[in-house]
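The chain below stands alone and is given in structure tokens; this is the form predicted on its own.
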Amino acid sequence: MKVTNDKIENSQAFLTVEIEPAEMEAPMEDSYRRLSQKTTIPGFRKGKAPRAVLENYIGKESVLEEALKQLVPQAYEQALKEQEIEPFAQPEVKITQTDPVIFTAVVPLAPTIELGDYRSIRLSPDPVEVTEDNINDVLEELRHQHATWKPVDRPLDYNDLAVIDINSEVGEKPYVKKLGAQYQVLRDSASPAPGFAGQIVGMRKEEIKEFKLTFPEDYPNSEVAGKEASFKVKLSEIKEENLPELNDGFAGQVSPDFKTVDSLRDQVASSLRQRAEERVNMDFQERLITTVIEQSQVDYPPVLVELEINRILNEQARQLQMTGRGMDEYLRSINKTEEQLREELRPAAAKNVAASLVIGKIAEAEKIEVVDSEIDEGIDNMTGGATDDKKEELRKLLDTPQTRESIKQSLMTRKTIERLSEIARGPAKAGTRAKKPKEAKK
């Protein structure tokens, strides 16, 4: 067997392996024996037909193909040992010739990470600001949520609640057919079609109106995008929004916990500040990780990006499934193929891979650890929503090596980012390390 290491590029080794004809005889004989045991040939019992008869009956190519299934993996492993290569993931193998047998293998190698001077990075989160306008906007939204609707006798206007019958078609196919539907007439609404609200504004009770609308070319529903729809609408009732006054009584409507409107306002301000702090902190961590990556030299095999794209798509499919939709339906709604979606995800996936590798390297440098008690706590948190009689059963189901490793990696990432945040926010003495978590003595 001849092995050539053509090059090492993009954290991949490119091997060419040629198998000598003499090395093929034993695998071909083994292939013949296996195939003869499961091939029925007229005039012969299984396993008794001569090799030449079997090759003539099923084709010599089939015997060779069966032989290569076993031979190529063995030859690949031998080539790795000969070249002293440690593969990081499964190779991409391609048989380029069969006489003699030659195959190529693109072997992913372990990533290499060279950290920059991350301890010199200094960043601060943006200031958190909650204004009176922000608070008033939330209070106004709460008023709308607790509004009542009263019938009125006047032409329909924006923000009214209309009770309508809708009958519409796109081409010759039904599009929307509803009786007694409640429809809030919002100026920028794109449902059931862009411009629909504007068409029915001004209608009076019991009035019937027919009109046509054309969907934009980029409309999310690809089945109607760019097409014309005809609508027939009957208006049977008009209701006007009646907003509650902003007083102590309204505060009690929102929740019995609020005795005064001032206490409601304080809670709104506190919630807004908390959410703002979370957003600011997420933005700060994003900028920090980006800066750390830009300082570092990171090389990794392209297969890691493909695996990350797969992970993102699998998570997306899981979330769609929870809403009763499938990935095929989602792709149709955004008018994209899976390959187009994969390409869109590639930059984000590449950044995720780089971030994961750099954070892992910093965790090593800072000697950050996750102990068993922290993993146990993580599993306990996952069972928090279960009833007392089900908690122990659920905990046993969750307490698997795979779950523990997933929790460990998640905690390791979180603790490393926290350590980076400490460094970036202020001076850090050279050589200082993150404190080790406390573990019970054994």
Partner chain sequence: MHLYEVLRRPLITEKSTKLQTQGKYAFEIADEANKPMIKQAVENAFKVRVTGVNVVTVPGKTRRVGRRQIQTRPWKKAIVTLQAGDKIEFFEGV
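Numbering follows the first chain given and starts at 1. All values reported here derive from a predicted model rather than from experimental measurement.
We do not show the form predicted in complex with its partner chain, though everything after this point is about it.
Asker: Out of 39, 409, 373, 56, which one falls within 4.5 Å of its partner chain in the predicted complex, going by heavy atoms?
Answerer: Flagged contact: 56.
Asker: Answer yes if any heavy atom of residue 45 is within 4.5 Å of a heavy atom of its partner chain in the predicted complex; otherwise answer no.
Answerer: Answer yes; at least one heavy atom of residue 45 falls within 4.5 Å of its partner chain in the predicted complex.
Asker: Taking heavy atoms only, is residue 52 within 4.5 angstroms of its partner chain in the predicted complex?
Answerer: The answer is yes: residue 52 has a heavy atom within 4.5 Å of its partner chain.
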